[in-house]
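Below you will find one chain, with nothing else, as structure tokens; this is the form predicted on its own, and questions on how it binds or moves follow later.
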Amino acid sequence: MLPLYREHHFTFRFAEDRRVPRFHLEGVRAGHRVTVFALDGDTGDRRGVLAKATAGDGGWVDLSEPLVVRAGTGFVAVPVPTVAVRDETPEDIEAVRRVNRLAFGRDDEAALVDALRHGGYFRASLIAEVEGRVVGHVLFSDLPILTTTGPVPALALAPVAVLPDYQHLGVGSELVRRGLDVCRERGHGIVVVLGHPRFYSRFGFSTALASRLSSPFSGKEYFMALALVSGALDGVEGRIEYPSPFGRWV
């Protein structure tokens, strides 16, 4: 069972049905995290995530549950890359557009980012790099909450974009984690997001914290809020005012 090594990906193919409890990754150090994807037997493309594991001594990866692989298919093991997150610079604008276009397969999110940038709504725009290549982007922009006593500052977390080849490798998580830290360091207290509850709850977002915020998405499980500092949402009740660039979504 010999892997084909290409661009840090290890591809395993099989001519017969196989039950795989472990496999070997040449040159991968112990403790390095690995994501395992299904391999399309016809196209060779990566499909859904089969497993996540950690390399042991000598590059051997032991799986919690054996993989059952059918003849003519296989799997791709991808060591999780080292990700560097930093602020966007003017030189990154085209790369940010490209990441958003490729991540979502359309121009809408790239256009939203441009409109929010040009409108002066940016509060934190961070990119993720792997070996000097821009592979991800996250944006935090103004999202005031209108209350009976006046507006309360808040931020929208949107969009989060990762190039397809780097999805499910922890890049998005690192962007969100670092982005929230940056927003906290810059004095922001509240962040609102529309997203998958299982993913965003890991960072402290919850529907309960958004329950007193009125928006077109109120009551939906994917409408969540986070208090970056303790008590930031205490007593806050009002209507979220999405800036005009969000018009087509709200």
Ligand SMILES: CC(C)(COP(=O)(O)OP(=O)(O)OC[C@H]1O[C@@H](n2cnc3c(N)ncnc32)[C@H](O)[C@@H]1OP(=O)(O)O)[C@@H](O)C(=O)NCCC(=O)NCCS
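For every residue, the number given is its place in the sequence shown, counted from 1. A quick note: this is a predicted structure, and the numbers were derived from the prediction, not measured.
The same protein has a further form, the form predicted in complex with this ligand, not shown here; the description that follows concerns it.
Q: Any chance all of Tyr121, Pro153 and Arg186 sit within 4.5 Å of this ligand in the model of the complex, going by non-hydrogen atoms?
A: No, none of the three is in contact.
Q: Can Ser125 be called a contact residue for this ligand in the model of the complex at 4.5 Å between heavy atoms?
A: Output for Ser125 is no: heavy atoms all beyond 4.5 Å of this ligand.
Q: So, in the model of the complex, is Ala103 in contact with this ligand at a 4.5 angstroms heavy atom limit?
A: Yes, Ala103 sits close enough to this ligand in the model of the complex that at least one of its heavy atoms falls within 4.5 Å.
Q: Answer yes if any heavy atom of Pro81 is within 4.5 Å of a heavy atom of this ligand in the model of the complex; otherwise answer no.
A: Because no heavy atom of Pro81 falls inside 4.5 Å of this ligand in the model of the complex, the answer is no.
Q: According to a 4.5 angstroms non-hydrogen atom cut-off, is Val171 in contact with this ligand in the model of the complex?
A: Result yes; Val171 sits at the interface with this ligand in the model of the complex.
Q: Can you check 162 to 170, 67 to 75, 90 to 98, 145 to 153 and let me know which stretch has heavy atoms within 4.5 Å of this ligand in the model of the complex?
A: Going by heavy atoms within 4.5 Å, the stretch is 162 to 170.
Q: Considering this ligand in the model of the complex, which of Arg29, His196, Arg47, Lys220 comes within 4.5 Å of it through any heavy atom?
A: Selected residue: His196.
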